[in-house]
Every structure is written in C-alpha cells, then in structure tokens.
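Coming up is one lone chain in structure tokens, specifically the form predicted alone.
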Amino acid sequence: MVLRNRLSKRLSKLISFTLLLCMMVATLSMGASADEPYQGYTYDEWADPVPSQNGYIVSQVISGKDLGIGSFNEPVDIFYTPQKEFYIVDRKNNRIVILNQNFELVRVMDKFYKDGQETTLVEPNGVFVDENGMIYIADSGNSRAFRCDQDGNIQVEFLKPDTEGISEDGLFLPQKLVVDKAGNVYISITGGLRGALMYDKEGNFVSFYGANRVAQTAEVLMDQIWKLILTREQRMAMRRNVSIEIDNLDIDEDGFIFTVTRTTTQVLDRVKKLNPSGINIFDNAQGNEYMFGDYATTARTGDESTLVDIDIGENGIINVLDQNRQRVFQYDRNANLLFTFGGQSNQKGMFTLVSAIESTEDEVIVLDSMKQSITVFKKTLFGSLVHEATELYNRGYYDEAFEPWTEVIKRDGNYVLAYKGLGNAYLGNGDFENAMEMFELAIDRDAYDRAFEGYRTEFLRANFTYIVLGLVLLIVLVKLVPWLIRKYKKSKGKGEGAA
C-alpha cells in the first residue's frame, strides 16, 4: 500500500510537471520569436535539443563607421584587457582598434617603431595585452609576432625558430597568441605540426606545446601498414599523417591554456584544457564524454560544428564559437552546456561569418568578419541566475546553490541542468529521496542510481532492527508452519481412526 501510494504520488507529480512543461515551452517559443531571432536550447539525456530561456540577448551592433574610423575590413580577433579595454585586430586594414568598456573609440594603432624606424602591420591575426599593458601582436604578413609598449615601440620579436615541425612549405605565419604570468608566449601558427610554439619573455624559442593527436581512422592505420613495406623514397612520397594544427587559444586566471581546433573529421582534441605540462584535462581518449559544439544536430545530419575560437570568462565560463552554424555555445567550468545563442542570418543578433569571441562579466562579444561588425550580447536575469547557481555548486556550496536553482526552475521548468543541480544539492546533503526525484525529472539515470544506492543504504541502516526481527520471524514461520501442518494432519488422522 505504501509503495502504491508513493508511485501514485510520483506519477501525479510527473503528470503535473509535464503539463507545466508543455505550457512553458509554448510560452518560451512565442517569447523567443517576439524578442530574439534565435531560440536558446540545451540537451536532454538522449542528446536531443530542449528549448530554454535565452541567457543572453542582443545589446548593440557596432560597425567601424559607427566609431568614425571607416569600415572594418575582416576583423579577426578581439581581446578584453585587464585595463578594461577592447583591442580589435582589423586584419585587412592593418591596424589595431582600441575601445573602452563602453565600446567607445579610444585610439587606432597602425604605426609601430623598431629601433627608431617606423614599421607597419601586414595582415595581423591576433592580439593579447598583459597586466602591465604590454601589447603582443601576431603580425602574420611580416612572419613575426612581437611585444610592444603602449606607444608602439617594439621591444621583442618572436621569429621562426630553427627547428622542424613549423610547416611543410617553410612559411612562418603566426595566428593567435596568449601569455602566461611568467611572461612565456604561446603562439599558434599555420601548419603547426607539433602544437603551439612556446617562447620565453626574451623571445627565445623554448619548445612546442599541446600538440593535437591524430585519430586512428582506417585511412591512418592503412598508411601505417604501407610504411612498413615501402622503401624510404616511397614513404617520403606518401601524404604525411600529422597532427591537426591548433586554430585558437586562450588562458584562464589559473594559468590553464585552452585550445580549439576547427577539424570536422574527429572529436579528439577539438577543445582542450592543458595543464602546465601540456596534458589535456578534457581528454575523451580516457573514456570521458566532453562534448563541444552542436552534437545533437551533428548526430542526425553528420554536419559537424566548426569551432574557430574559444574564450574563458569569469568563473571559468567557456564560450566556444561555431563558424559552421554561426552560433555561440557556452559551458560551465565542467563542460556542462549552459546556453546557445546566435545563428546564421542577416538579422540583428545573427551572423554570416563569425571570427572571434570575447567576454566580460556581463557580456559576450562576437566579431563577424563578413558583416564587418561587433555584436554585443547582454546577460539576462535568467543567465545571471544560472551562472550563480552553477558556480556555487561547482565550488561545493550545495546549500547556497539551492535557492538560485529553484528560481531557475520557476522561470524555466524546461531547464534540465537545474534539476541536476537540485538533485546534486540534495545528494550532497544526504537527502537521497528528493535527490532521486530531481534526477528522475532530469532523466539522469547514472545520478539516479547513485541517489538510490544512498537511499537504500540509509533505509537499511534506519530499519536494521526491524529487518532482523522480520527475518527471524520469517525463519520461525518457515520452521513452524510445516510443523503445525504435520501436527494438524496427525491429529486429524487419529480422529478419523477413532471414528
């Protein structure tokens, strides 16, 4: 009877939740079409997209003409500095455009000085600014990267090292770069066969760093077999299977370097989080399930996301830019998908060819190299609640995370991660029954099993005495009932004999 009542209660809750869910999905769909040109979504347990409220909405779209500096011409990189300024690489205009935090023009840098002689940029691709205001630029057309001061005086150049693994044609084309707190510079290059190049602060080449691996496809394995039987000349003539070059990189406040690779032929090493030794923490080869990009659509169509940039924001928030679908995918520090926004269109808040992404505390900024524009997305109240709840939970503050997760569900009963968050909060506090209910709503089987194990252990511990007494009683009954039956039959037989 108790079990039946519990099941009835859960079924009633599930039906109520389903009806509420349907109403909220309809409301969200109407709201999204009225306010934004895109519909946010996350994924369920089966990797199917589930509509959700938008965590970001378009704040403004800025062009070079709006800034009074003429049109941008292929803006390809943007960096938000510790001094709260934005540095934008305007590639074909051979200049760096600097804006303040309100996106107002500060100045344009298009002249630099080396040993007192004026020099200019030639199709630059990347920029980075350190805590001291030193500017690092990947000056691709001049086959160099360099560090300069705020007046454009070049202090150190980072040139092609005398080593193998640069590119098969010998060109040296720096693309993007980051700098760690020790002053070491990490540069991704075109044709970088062995990863990013690491230099010390004096411009000396140190080593390669964070090379991507080649997935062991049938083609790669066949080439390896042929190499065992071919002559040296024949092997040299074969197409080399080398690691795929790193396209972009960023560094977080703890010194971890994140890289992104635009490959559509393998999942391995598309997004990496590298420790100082260059070991990937997001390593799918170890049986993990770190997924980035639009894997739900990919699973149905085979059309992979093309990831071209990565940004690590406040509290470890990861923003990844998909150039195939012109969309932003945002994750927490543990690679749980939080929000998606953007898409392919000429509408405001949509893109034609995304090239770079950056973030501040409350904004995400995206460059479109074809529209020649800067799009600024502002975090919504819903986005703030999700970020607050996620960060509290990730830091182990389960009780404190309970309230914002509850508020998230009030605003969007469709947000699956909130149920997982509440389930984990209950689980962390030893409330296994409520944890089971939340994980059931989130359709998270593994987490439900963990909660059930805890519930079972707690039940056995609390009812141990009654269970033992019940077993003793059962044993007694098993022994007693046959004896009583035999005794009854025996007495009945005697009675019949006497008659």
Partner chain sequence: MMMSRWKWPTYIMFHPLEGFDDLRWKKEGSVRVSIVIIALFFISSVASRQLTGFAFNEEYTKYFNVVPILFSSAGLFAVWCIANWAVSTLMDGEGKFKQIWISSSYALVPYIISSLLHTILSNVMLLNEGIFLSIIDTIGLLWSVILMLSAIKTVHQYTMSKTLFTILLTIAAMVIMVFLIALLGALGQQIVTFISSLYFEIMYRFIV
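C-alpha atoms forming the largest set that superposes within 1.5 Å between two forms make up the rigid core. Small disclaimer: the values here were computed from a predicted structure and weren't measured. Numbering follows the first chain given and starts at 1.
Below, we refer to the form predicted in complex with the partner chain, which is not included among the displayed structures.
Proximity to the partner chain in the model of the complex, taken as a non-hydrogen atom within 4.5 angstroms, holds for one residue of 57, 443, 69, 61, which is 443. Residues of just one listed stretch (39-47, 426-434, 462-470, 61-69) have heavy atoms within 4.5 Å of the partner chain in the model of the complex: 39-47. Contact residues in stretch 442-479 (any heavy atom within 4.5 Å of the partner chain, taken in the model of the complex) are 443, 444, 445, 446, 448, 449, 452, 453, 456. A movement of the C-alpha atom of residue 46 falling short of 2 angstroms is seen between this form and the one not shown when the two forms are aligned on their rigid core.
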